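The chain that follows stands alone, in the form predicted alone, written as structure tokens.
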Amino acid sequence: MDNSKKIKKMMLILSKATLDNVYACFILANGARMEGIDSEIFFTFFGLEAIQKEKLDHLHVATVGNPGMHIPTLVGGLPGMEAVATKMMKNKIEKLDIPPVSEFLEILTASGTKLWACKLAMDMFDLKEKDLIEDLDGVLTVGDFYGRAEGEGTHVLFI
């Protein structure tokens, strides 16, 4: 393959901190690093919960409005359904030896993945950098994030 056509950087945008979205994003970022591809994650809107110290270990699976659950919305909205679905997914994740969110963030940082928080979303939710993980590489505007995406072989993926 022509080297000029190879993927050189994955820029992932995480907008929702449901367990399925967070793990999809983290696995893609980690997989990129394992292949020698640079990776960066931009946490925006509710995706910021994945890097909030108080929330990152308490993420859930969305059972309402999630077509991948294959359950009617009415059933998904019953009391306790989200907790049951979350427990089932966490058990599967543990059996597959996939690390918990906090540990996965440490692995990503150690691998060289850059972690960025969205300035606008932080302002909207009245968050300060002290509310976020210490391994955060910084807070960026959308323009700053796009500036980091410059260059041939960069792909941007919204999750």
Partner chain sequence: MTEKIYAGTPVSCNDEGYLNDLEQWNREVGADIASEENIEMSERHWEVITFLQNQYRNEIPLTIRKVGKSGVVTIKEFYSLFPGGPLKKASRIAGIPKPVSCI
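Remember, predicted model here, so these are calculated numbers, not experimental data. Numbering follows the first chain given and starts at 1.
Missing here is the form predicted in complex with its partner chain; even so, the following discussion is about that form.
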Worksheet, complete the sentence: Testing 28-36, 114-122, 127-135, 43-51 against its partner chain in the model of the complex with a 4.5 Å heavy atom criterion leaves exactly one stretch, namely 28-36
Practice prompt. Tell me, yes or no, whether P100 is in contact with its partner chain in the model of the complex, where a contact means a heavy atom of each within 4.5 Å.
Written response: yes
Worksheet item: Using heavy atoms and a 4.5 Å limit, would one call D57 a contact residue for its partner chain in the model of the complex?
Response: no
Practice prompt. Verify the contact flag for I107: yes if a non-hydrogen atom of it lies within 4.5 Å of a non-hydrogen atom of its partner chain in the model of the complex, no if not.
Written response: yes
